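Single chain ahead, by itself, as structure tokens, in the form predicted alone.
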Amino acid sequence: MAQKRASPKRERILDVAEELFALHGFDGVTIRQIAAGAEVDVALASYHFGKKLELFQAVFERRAMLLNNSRRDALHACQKEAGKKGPTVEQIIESFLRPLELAQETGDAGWRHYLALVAYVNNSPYWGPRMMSSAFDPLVGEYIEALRKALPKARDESLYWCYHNLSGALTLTLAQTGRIDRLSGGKCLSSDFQAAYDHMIPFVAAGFREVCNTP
């Protein structure tokens, strides 16, 4: 197993699959197209990953742990810095979003493709419950608990609906459809992640406070 993970050809297959799945979805891509893009035989792609579903899952899981670790570190850091009083809603939301910005600004196109793939999966009634829950729900639970402490009057259903709205806004941002570029006449760019999160953090925090501070 260690040799497979270290194989440059295996990583190249994952990279190409990541880009193609992000652009065309699961059904719009074949193993043959992935193998051709990675410049390997179809048999090699099948050897490393089996069927297309297993490759799709491997692509999705490859960066999930890195993203979870980055977010968890950011959450724990803001909790430690805040001390007994605990972090504000803004600080919690920022620790959830800024790791995405940092990943998107690394210059690694793979992160852009991966996060677009997350948007595709999160927006799918088929793939969402099959893949998002196992990859991200435990960490989301930690964030919900942090928000519960920051908003002690909140009802659980209000917290979850607010997170649902945050997830929706984030999904559209990750998808980078370019619609905001056209709507704004170029004043806003879907590729400007810093601006996206600079606006999303206070917007979402205000929404949490408005909805969740009702006893």
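For clarity, every value in this text was computed on a predicted model and none was experimentally measured. Quick note: we count residues from 1 along the sequence shown, nothing fancier.
Below: the form predicted in complex with another copy of the chain, not depicted.
Chemist: According to a 4.5 angstroms non-hydrogen atom cut-off, is K187 in contact with another copy of the chain in the predicted complex?
Modeler: Answer yes; at least one heavy atom of K187 falls within 4.5 Å of another copy of the chain in the predicted complex.
Chemist: Although another copy of the chain is absent from this view, report whether H24 comes within 4.5 Å of it in the predicted complex, heavy atoms only.
Modeler: H24: yes, in contact with another copy of the chain in the predicted complex.
Chemist: Using a 4.5 Å heavy atom cut-off, state whether P129 contacts another copy of the chain in the predicted complex.
Modeler: Taking the distances in the predicted complex, the answer for P129 is yes, it comes within 4.5 Å of another copy of the chain.
Chemist: Against another copy of the chain in the predicted complex, would G168 count as a contact residue? Criterion: heavy atoms within 4.5 Å.
Modeler: Flag for G168 set to yes.
Chemist: Counting only heavy atoms and a 4.5 Å cut-off, does another copy of the chain in the predicted complex sit next to every one of F56, L66 and S95?
Modeler: No.
Chemist: Which residue among A154, A150, I180, A35 has a heavy atom within 4.5 angstroms of another copy of the chain in the predicted complex?
Modeler: By the 4.5 Å criterion, the partner-contacting residue is I180.
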